[in-house]
Structures are given as C-alpha cells and as structure tokens.
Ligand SMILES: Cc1ncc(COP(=O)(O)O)c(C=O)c1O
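Listed next as structure tokens is one chain, alone, in the form predicted on its own.
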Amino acid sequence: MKVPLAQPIMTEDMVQAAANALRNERLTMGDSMVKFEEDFARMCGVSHAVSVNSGTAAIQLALLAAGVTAKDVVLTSSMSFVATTNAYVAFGGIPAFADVIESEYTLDPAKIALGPEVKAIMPVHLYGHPSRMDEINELAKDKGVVVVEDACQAHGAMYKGRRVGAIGDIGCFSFYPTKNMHVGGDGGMMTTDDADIADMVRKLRHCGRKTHNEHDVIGYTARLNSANAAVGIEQLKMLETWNEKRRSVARKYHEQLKDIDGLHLPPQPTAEVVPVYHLFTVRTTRRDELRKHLDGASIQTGVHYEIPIHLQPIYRELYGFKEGMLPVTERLCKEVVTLPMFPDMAGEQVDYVCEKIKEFYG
C-alpha cells in the first residue's frame, strides 16, 4: 500500500468554475474574486477579507497596512515556514522570536518579551492548532502592539468559539495546494474588522492605486486571479466537511498510537480549542530511523520544519542568530515528523501507517 503525505482535491465542479471564470470574467479582480472575499469573510466572522496572490503577500501587505515599516520589529515563532518572516524582512522589518510551548508547537506567552521596538506580534497557528490568543492579545494590548495571526495552516480552526483570523487585529491565510483548502495554485487572504487596514491592503495589492491613473503609495502586484478565486469559492463550500474528516483521521491516529513510549502525539481538540490538522506531526528522538522504516513501506512522511527560521543560513548571516537562543524550538525541530494526513485518507491507510509505526517500535 502506498500512502502519500498529502492529496490535494480538485473536483470537476472546481475545474468548471475556473473555466467559467476564464470565459466570462475579467481575468484579474473579476466577480469570482469579490464573491470569494465575501464568502471567506463570512466564514471567519469578520467584516473584511481581501484576496492576494499568496499567504506571504497577505502577511507582507497586512503588516504594511498596519503601519509596520523598515526597522520595526515583528515578533513571531521560529518554528514555522520561512515565509512567515520573509514577508516583512523583504521590506526591511526586523525579525524577533519567542520560544514555543512544547506540547502545542505555538508561541509561549510566558516567553514573549515586548520591548519598545516591537510593533507587531505574529502568533503562528502551526499545523492547524490555534495559538493561545487571549494571553497574546492581552500582552499586545498592554504594549499597544498590533496582533497579526499567521493562520496560513489553520483555515476554519476555532479558539473559544471564534474562528482564527478573527481573533487578533488581522488574520492571514495561504491557499497553497497542500493547505486545508486551495485555489488551484498560489493564493492568499487577509481578514480584519478594520476598514482602513482592508482598504490599504486593497490598494497595496493593486500597484498602490488611488484612482485608475493616480498612485499615492508604493504598491505591489499581488492580485488573485479570477479563475483561482472561482476554485476557492468551491473549495470553501467543502472546508468544514474536509476539516471534520481530518479530525476523524487524527482521532484514529490517537487511538492506535497513544500508548507507544517515545512517540509524542499532537494535542487533541478541547472544549475551547478545535484544531484542523493541516498536518499531523508527531515527535520522536528516533525520527530519521522512523522515516526510513516508513519510507521502506511506501509511506511518505515530512519534516515541518527541520531548520527553525532563526537558524536558516540567511538569517544567521543577516542577524547573527545562533544555536541556543530558542532551546525548545531547536529541540522540537530535531524531533518532529509529519505523518500522512488528508480528508479522503481511508481507514485502511491509517491502519497501515499505524501498523508500520508499531512494527518499528516493536
């Protein structure tokens, strides 16, 4: 049995939606883009959603719209994909980090230090598990710091009855093909209740236009194509069903693997926190051996992420970051391994993965 790590879904309805947009709409900023934004804002429970061409662009333009500029510090988690910080380092923002909670992989509020140079804090809802937003929001409020949620892996996740992307000042999402929902290519979305921020992101994504011929800010070309938005509309209709299927797969993993010594499983849903399992990432000090064993059984695995952001070569070079700065993050990045997870994963596939993991542990 071959078990892939992920299996993006593209139905005939989604293909037809894209084709209809290509035939009948403006190719950029068409009717599908407007509807997708409205539908996504409604799902999150916010007043505004602004589509862009990637999750990275969503973070970048959101921070700029919130007033973050070159030499301002944005504090986030180093246990994330490098795009989290690339988004603002690209315009001269300065990265700062806090360590994570070992059992949750998300920012540890007790480790967050907000000096006067910090203009924004960006919790990462890693693997689809919400960060501790109440504590983070309280810290930010005390210091007058903007909170931007990196929800690029957490479409539809819930924290104390609210959707991620609607809990901080701004939320940012990615629609890369392996995410819980996609747009048939790259895409992203910014969510907020702040009309001024939403208007600025709309302007920034469209070359800084004030009117058709006037440009009063330095903008970018970061629009979402209409065909991609059309796919997004169809994908969004399935998001909650797909997320529940992911949670069902996660429950099966937990039931079969919970008693294995030396294998640490991700957190389960609670009354207050409902993750969406973009990835099912476990921890073991025998990661490389386990991956080799599973690969030999035609089971694909991943590592998210082997090198934390602060130890990436370019970040060492630019900022002098070194080992030992974030001990929990650095240890977890040496232990994490991602198991197959996708909505249509069959029970037999889950059983096979678990059987091979139990075989490895004897």
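On a predicted model such as this, the values are computed, not experimentally measured, just so you know. Position 1 is the first residue in the sequence shown; the rest follow in order.
Keep in mind that the form predicted in complex with the named molecule is not shown, yet the notes after this line are about it.
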Stretch in contact, per heavy atom within 4.5 angstroms of the named molecule in the model of the complex, of 35-43, 293-301, 322-330, 48-56: 48-56
Contacting member of Ala96, Val273, Ala83, Leu263, with respect to the named molecule in the model of the complex [4.5 Å, heavy atom]: Ala83
The single option of Ile167, Val124, Val249, Met181 touching the named molecule in the model of the complex, heavy atom within 4.5 Å: Val124
Contact flag, Gly156 vs the named molecule in the model of the complex, heavy atom cut 4.5 Å: no
Residue contact check: Ser174 to the named molecule in the model of the complex, 4.5 Å heavy atom: yes
The named molecule contact at Ala230 in the model of the complex, heavy atom, 4.5 Å: no
In the model of the complex, Tyr315 touching the named molecule (heavy atom, 4.5 Å): no
